[in-house]
Ligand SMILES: O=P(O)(O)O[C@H]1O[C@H](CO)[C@@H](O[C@H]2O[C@H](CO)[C@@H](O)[C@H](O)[C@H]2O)[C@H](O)[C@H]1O
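One chain is shown next in structure tokens, namely the form predicted on its own.
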């Protein structure tokens, strides 16, 4: 058994108060900050752990802080999301760390020092990997490792600088550590599902090597997961756009990706309980979709003319439920699209990022759902890729959709297209979500989901 390293985990009083004005400016600028558009009025400390002494040349704090924001502009401040921060402390930052700057502290225990996002700095990143290797316990932090999986020393870390909803550090070409930024208590599917798949020997998902948790006030928080780094892999979105730009057929890849999806679904159904969705559950499902459509139509005026026709996708599902139709629900990926898939140079596909939609409550993300929800997400992703190209190619998307469904059927024994009512309902629901998202965040992309809305609202949708 590896030696356990125990550090003091102490922290200085007044630490958060001294960081407060700097974090109010820095945190809302981060890609992974969820509360954009509302001012941060303060913070409350959930936990603070000193990983490297702040009075040395390089200090390192692990913080869990809750941002206080009004629920709406002009409302009273409200304790909101909890964020994981790794704060480095130096006298001054070398030029290579300039992008990591948070600010210069004027008062409190760190007065006169410079604080920064420590994940940009190799030394703090090394501290995290060593703690995972030795299964350290530091304050309320628990660094844990899967039995039989080793972590060698000397791996050079580098921060992944591509935009992400979390933060990732690659160690050599061996491991990647995904650190969750917005955290909630409970079992996180981003660890739960890959562990379950590893125990089923499913080769389509990288098996967790180690993970970081916090035990606080009787609750457990998953903070990060270390997995093998898939060297040379290309994400499905980049690959699809590249092939589309060259005018190359993507059908072979789409079929292989369908097979990989079915392998993961089949393994999840073996590893974790499945349930039968009867009339009550299906009625609730359809009602939820109808409610989301009504809310979206109020928020995005361009959607309103199509709303009556779109309702039919959901009422058709409710009608089948009323006739006694049932479906099997199981654990699924929950946010499947081309960007959640990686292809090796040898042509193998992997599925990654099982966190689900981060905006959804954790309990909802862990609920069994029909596998067709994942399939609908991937079909919508092909549509997005086709409409991102110039010239646009709906025929390319249709070919990919057909190949993906065929590949899925080869492994699962069931073609998703033989369940058109459920598939249409989930595709329509996803497109409505996309309309709201694009209207709020990327108006230039709004024509992509709106083109799908027009098709789904047609008398003979396809």
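Residue numbers count along the first chain shown, from 1. As the structure is a computational prediction, the values presented were derived from the model and not from experiment.
One more form of this protein exists, namely the form predicted in complex with the named molecule; it is left out here, but the text below deals with it.
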Exercise for the section: Report yes if all three of 337, 353 and 433 come within 4.5 Å of the named molecule in the predicted complex by some heavy atom, otherwise no. Expected result: yes
Fill in the blank from the handout: Only one of 403 to 411, 45 to 53, 433 to 441, 58 to 66 sits within 4.5 Å of the named molecule in the predicted complex by heavy atom distance, namely 433 to 441
Handout entry: the named molecule contact in the predicted complex: residue 380, any heavy atom under 4.5 Å
Key = yes
Exercise for the section: Could you confirm whether residue 288 comes within 4.5 Å of the named molecule in the predicted complex, counting heavy atoms only? Expected result: no
Problem - residue 417: touches the named molecule in the predicted complex, heavy atom cutoff 4.5 angstroms - result: no
Problem - Contact label in the predicted complex: residue 302 to the named molecule, heavy atom within 4.5 Å - result: no
Completion exercise
Checking 165, 135, 274, 392 against the named molecule in the predicted complex, the residue with a non-hydrogen atom inside 4.5 angstroms turns out to be 165
Exercise for the section: Answer with one of 358, 203, 103, 186: the residue that has a non-hydrogen atom within 4.5 Å of the named molecule in the predicted complex. Expected result: 358
Completion exercise
Across 384 to 399, the residues having a non-hydrogen atom within 4.5 Å of the named molecule in the predicted complex turn out to be 384
